[in-house]
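Shown here is one chain on its own, the form predicted on its own, set out as structure tokens.
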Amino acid sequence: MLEGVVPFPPEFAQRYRAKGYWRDKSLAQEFSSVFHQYQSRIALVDGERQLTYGDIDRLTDNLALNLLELGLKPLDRVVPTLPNIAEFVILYFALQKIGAIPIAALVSHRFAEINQFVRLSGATACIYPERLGDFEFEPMIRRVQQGNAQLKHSIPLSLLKQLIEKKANLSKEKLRDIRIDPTDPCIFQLSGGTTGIPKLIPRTHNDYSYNSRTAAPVCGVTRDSVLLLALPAAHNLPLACPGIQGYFFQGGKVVLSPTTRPEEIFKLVERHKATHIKVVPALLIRLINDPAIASYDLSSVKIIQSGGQRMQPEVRLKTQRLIPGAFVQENFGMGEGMLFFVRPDDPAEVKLETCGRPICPDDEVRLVDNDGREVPDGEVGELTCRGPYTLRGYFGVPEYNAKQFTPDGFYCTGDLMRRHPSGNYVVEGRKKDLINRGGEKISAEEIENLILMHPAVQNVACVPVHDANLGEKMCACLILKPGKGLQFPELVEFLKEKEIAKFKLPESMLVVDEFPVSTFGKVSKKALSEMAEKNANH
């Protein structure tokens, strides 16, 4: 097993195997039978390109062999920052065939994040587009290489395309000779860690396969399903919940959208008769409020799966009026594992109020108070959980794990929930200091630490402000040094120089003389949020 990965205790691993949750197969083995079984069916659509399962098998074999020849090997970590294109999917399954481990980076990440991922994981390769919009990736990757000696391979998208198409010199036997431990990670997902440094979530071949296979039927996925995917494909929800993996397990079709522009999504839904769409509430709000929705035939849509943040009931009700055949399926999930889904046969009020219930009989949920005691049904407590697809520890951070996991292996999520009388769960907020901007979790501490570097700033607290479309936006509340001044555009430019993802930039600023404090003498971010809300409404 890769050093730094926390294994499941033997008695739990034995139980999960005995119950058939874990099949002790690598993802490469799992999908080998999938690619063979459905080889003539269309698996993936990217613009005018259509790839069958057989095409994907052939192209991923070829790419895997070319990557081996380039020097990649089992357990090497790889950071791909690619948009929603067929090459991402081909790369993902090629890496599975050689037992290399992708890091679920996003194309919106910049130097600060990519450098962290490479350093934390010990990555040996980065794969990136030459340019996206007005941003050139090559200079950034070169700088990451300069500070990380183990990062040997920088592979631009143009070279990746060549490696996919160029006939491999190595024999297929090389792939058959590779032995992959199914308890090793198949991917590192990223946490929304509150400490400013995202933690790496090791998802094993055993648990990630089970994750997707089990989520698929809960979401009504069959061989006739067509998934329209506009969310970033590397995220846990679009990739595996059930995501690309789950639709492939069923022999379904995945249509990649390069954009989240509503009219482009509607066109793709109508053209390909998409049955499923994955959204975060912010995207769904944009879709249902775009006038173009009335100009397209969306009657093929059966399920709109929503995750990332809580959805307001009125959004779901308006969606059902505009797309009457669609069930808006709320789910609550995490890169760390545990998945809750509302079921199609839940009563109407339960669908509106709750985020669902777990997908596996061996998913264990405890809602606890600040002293770790379980709260009675109906009362709010912190979600702690363990199960066959929920991690037992973040990668390489034993001290942090000691705080985030109970001695008996329950993961302390920081999310607040209560159990509904139906047996489903209701999200009531969070203990974590995170701002949920349209489903992207931003660590307040990360941005606060950067703002404190500004010479005019004495103290800072970043807080969420309610937003009708995104759920939350970030406001930077500042105490300035005596005699200093700072305008909001100056602050934004200062943060841009820190080379962070654009979605992490604050969208408003509030200057105060002092911060309100709680009865315990801590800064009251709740009171600051209320002040920022009032300021925004004036």
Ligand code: AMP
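It should be emphasised that the depicted structure is a prediction, and the values quoted were computed from it without experimental measurement. Note that residue numbering follows the sequence shown and begins at 1.
Although not depicted, the form predicted together with this ligand is the subject of the following passage.
Only one of Ser443, Asn84, Gln404, Asn331 comes within 4.5 Å of this ligand in the predicted bound form through a heavy atom, and that residue is Asn331. Just one of Asp184, Asp433, Asp346, Glu336 comes within 4.5 Å of this ligand in the predicted bound form, counting any heavy atom, and that one is Glu336. The stretch in contact with this ligand in the predicted bound form, judged by heavy atoms within 4.5 Å, is 433 to 441, chosen from 256 to 264, 458 to 466, 224 to 232, 433 to 441. Taking the partner from elsewhere, Asp363 is found to have every heavy atom lying beyond 4.5 Å of this ligand in the predicted bound form.
In the predicted bound form, this ligand lies farther than 4.5 Å from every heavy atom of Pro202. In the predicted bound form, none of the heavy atoms of Val144 sits within 4.5 Å of a heavy atom of this ligand. A residue is said to contact a partner when one of its heavy atoms sits within 4.5 Å of a partner heavy atom; Gly307 meets this definition for this ligand in the predicted bound form. Contacts of stretch 388 to 427 with this ligand in the predicted bound form, defined by any heavy atom lying within 4.5 Å, are made by Asp415, Val427, listed in sequence order.
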